[in-house]
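What follows is one chain in structure tokens, specifically the form predicted on its own.
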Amino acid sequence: MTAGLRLGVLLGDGIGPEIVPAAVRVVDAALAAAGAAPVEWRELPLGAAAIDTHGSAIPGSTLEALAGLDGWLLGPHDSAAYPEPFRSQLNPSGTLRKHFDLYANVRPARAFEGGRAIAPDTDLVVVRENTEGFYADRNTFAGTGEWMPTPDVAVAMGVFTRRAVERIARAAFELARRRRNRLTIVHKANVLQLSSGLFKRVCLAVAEEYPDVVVDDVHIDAMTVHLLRRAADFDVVVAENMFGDILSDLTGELAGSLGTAPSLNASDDRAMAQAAHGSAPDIAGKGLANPVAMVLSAGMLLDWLGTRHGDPRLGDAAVRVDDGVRAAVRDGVSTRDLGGTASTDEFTDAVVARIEG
């Protein structure tokens, strides 16, 4: 059993200061209902506000403080709106993933009863390798991994290593064992025979360690079609960085909305809860933001911490978070993007009420 958790709060930009506090409220209610010790929350500067106060979108003091915590909630950032030179630097999310080697980005997609799912039977998880692949900014010690030898030529670096593929494959197979024992490897090895081919070959080699898991592999372009036609047939999907990012946005919409798409970024010893959507600056401060994805991401963090620390109360609290959100939506309480009329605070109140009552 664990003592009280110490968790960081990074509000971020746009709707972050609305949806992250909503997640904190729900987590506190779920932990209390599960009989777990309360969280010691520590708010830390990040994003546009941190540029104003600390001269950096992600101050060194924030990185130092996070290293001493059990995990943290990261709100969305609007790095495209940052002034230079901050706009051209690695964004806060990428910096945190790289600094703490958060190699596994786990993105569930499960449709809501009473929601607006395109594919109501969707219940799958995309496990995305988070440190290399075709995202050039993850592939270098310094710099972005992109360069222009002339004004008319742009080159990006893609990197695949056996070590990174092995560890994401094992994370995906372990998750498949806790779900329905099915795993799909997504790649483009027919064209990218060396890079994507290595990803496929290493995943298949790791599969030999998991004879109880049924495995298949699908080309990335074909996978988009399969998901549209038969999303319910898939359980755990493992993919490199960019493929996994694209597929998880697609599966989030199939399940209802990116506003309901949670994610967890994890290494072997720490994790960061982060909604899959952006900062939505057009509705910031209006009470319209849907907090579901951020709340569910926080629930995923509780589940991860419960497994890591062997504390069933944290796992119980994670279930209560998920059940509370789904009960509210099922009962017709939702924000405008899901067809309802509830404000951010009103929806959060409904979730907390269902957890407590």
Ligand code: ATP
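The structure presented is a predicted model; accordingly, all values stated were derived computationally and were not measured. In this text, residue numbers run from 1 along the sequence as written.
Note that the form predicted in complex with this ligand isn't included here; everything after this is about it.
Within this chain, Asp337 lines the site of this ligand in the model of the complex, having a heavy atom no more than 4.5 Å away. Taking the partner from elsewhere, Gly259 is found to have a heavy atom lying within 4.5 Å of this ligand in the model of the complex. Contact check for Leu204: no non-hydrogen atom falls within 4.5 Å of this ligand in the model of the complex.
This ligand is not shown here, and in the model of the complex it never comes within 4.5 Å of any heavy atom of Ala117.
Within 4.5 Å of this ligand in the model of the complex, a heavy atom is found for none of Thr95, Leu102 and Ala104.
Residue Ala289 is the only one of Ala289, Ala328, Val321, Ile58 with a heavy atom lying within 4.5 Å of this ligand in the model of the complex. Scanning Val165, Leu175, Ala280, Leu227 against this ligand in the model of the complex with a 4.5 Å heavy atom cut-off leaves one residue, Ala280.
Contact annotation: this ligand lies within 4.5 Å of heavy atoms from the stretch 289-297 in the model of the complex, the single such stretch among 310-318, 289-297, 23-31, 36-44. Contacts between 71-96 and this ligand, taken as any heavy atom within 4.5 Å in the model of the complex, involve only His77.
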